[in-house]
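One chain comes next, on its own, written as structure tokens: the form predicted alone.
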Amino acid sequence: MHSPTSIVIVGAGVAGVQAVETLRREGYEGALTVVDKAAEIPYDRPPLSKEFLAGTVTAEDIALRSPGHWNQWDVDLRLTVEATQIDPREHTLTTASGDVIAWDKVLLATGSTLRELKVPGITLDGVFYLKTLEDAARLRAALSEVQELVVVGAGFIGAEVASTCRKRGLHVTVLEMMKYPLAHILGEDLGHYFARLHEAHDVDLRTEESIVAVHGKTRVESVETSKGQTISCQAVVVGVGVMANTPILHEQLEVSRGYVVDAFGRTSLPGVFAAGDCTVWPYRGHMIHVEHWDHAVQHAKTIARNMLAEEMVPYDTVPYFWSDQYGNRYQYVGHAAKWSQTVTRGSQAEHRFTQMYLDEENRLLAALVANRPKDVMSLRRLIDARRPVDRMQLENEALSFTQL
């Protein structure tokens, strides 16, 4: 593998930033260009539904790096620039304005894009999505004139918005198509737990019910649901998930819920790598797609090193993410699309518990940790060990996960 002299990164989110810093720290001294169609200096997204929406942090507080940081790393950062075409033969990238940038290697870190609702009235003023800093700033400004809010979707983003807005004193209704929130990820037992959590904080949670129309003259006045109910509101927040953002090379690369990459971050085109939310990657015999901040960080670091290395290192990090709801911190480690059994330590009633997901051979696949942060690292190591664990020991509070 020859050493590159020109690297282009498409996307200035957390994966793009981590790739830049890793490349420079690993000794890469060639040209380094980052293009992103956003206008803002790259920022952190997890606070948008929590601290930023609550008004406890500013846009400056959540900037991933200061403007001067980019100069320190000698990066040609091109904001408000959209990459429209990559030519793998000529090794060029073309932007919407017609500029052409040469590259030896390119990293696609294009992130994800929101799923949008297609119902009558969805374009009325007062309907919000929450993906960008601009989205969050618009919603935060509007909330001062809102008494009743409808949140569509009880996933992690929807739950965090509901939590933040209840703290502000708003009346919040959450519409969820499934029987229990998050049951498709965590199972019905924890789905029931999260339903009770919403209800304990006076959220009007309506499950197995969806939105069919938004009503109002110029702005939102109410929503109509699949059960024929009309809910009065002055704002609607839509949180029905995201999709990998894969517009570039879509016809030339294998795309399945994201750019398909191997364990080293390589796509099927020589010199073209991809990292973070826009990818599907191999994990324990399965191709998986996750949209977590920690994955974007670790994936980008590994792949940036592989872009320079003679001998590449496979990416095999145990996934991790967290969510803050109603004063509780929930941390999830591992990945379990399906499981054979669950084991629980602690008390759901006290919101201090760890629920573990095991396969048929009693190997730990994943765990949801509620307000027990000391469990997380040990559980991550147990998952990484990939060996059977005795169920009785997992249940035994007297035996720490570190001891296991």
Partner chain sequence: MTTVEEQEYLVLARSQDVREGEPTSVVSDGEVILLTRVHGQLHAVSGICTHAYSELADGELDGTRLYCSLHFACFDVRTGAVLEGPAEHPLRVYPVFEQDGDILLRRERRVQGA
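These numbers come from a predicted model, not from an experiment. Residue numbers count along the first chain shown, from 1.
From this point on, the text means the form predicted together with its partner chain, which you will not see here.
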### Query
Is it true that Gly334, Tyr357 and Glu395 each have at least one non-hydrogen atom within 4.5 Å of its partner chain in the predicted bound form?
no
### Query
Even though its partner chain is not shown here, does Ser66 get within 4.5 Å of it in the predicted bound form, heavy atoms only?
yes
### Query
Within a 4.5 Å heavy atom cut-off, is Tyr193 in contact with its partner chain in the predicted bound form?
no
### Query
Are any of the heavy atoms in His201 no more than 4.5 Å from a heavy atom of its partner chain in the predicted bound form?
no
### Message
Test of understanding: in the predicted bound form, would Trp293 fall inside 4.5 Å of its partner chain by heavy atoms?
### Response
yes
### Message
To test your reading of this chain, name the stretch in 249-257, 112-120, 321-329, 168-176 whose heavy atoms come within 4.5 Å of its partner chain in the predicted bound form.
### Response
321-329
## Note on the structure
Students should find that, of Thr56, Asn362, Thr344, Ser378, the residue having a non-hydrogen atom no more than 4.5 angstroms from its partner chain in the predicted bound form is Ser378
### Within 4.5 Å of its partner chain in the predicted bound form: residues from 350-376 (heavy atom criterion)
Pro373, Lys374, Val376
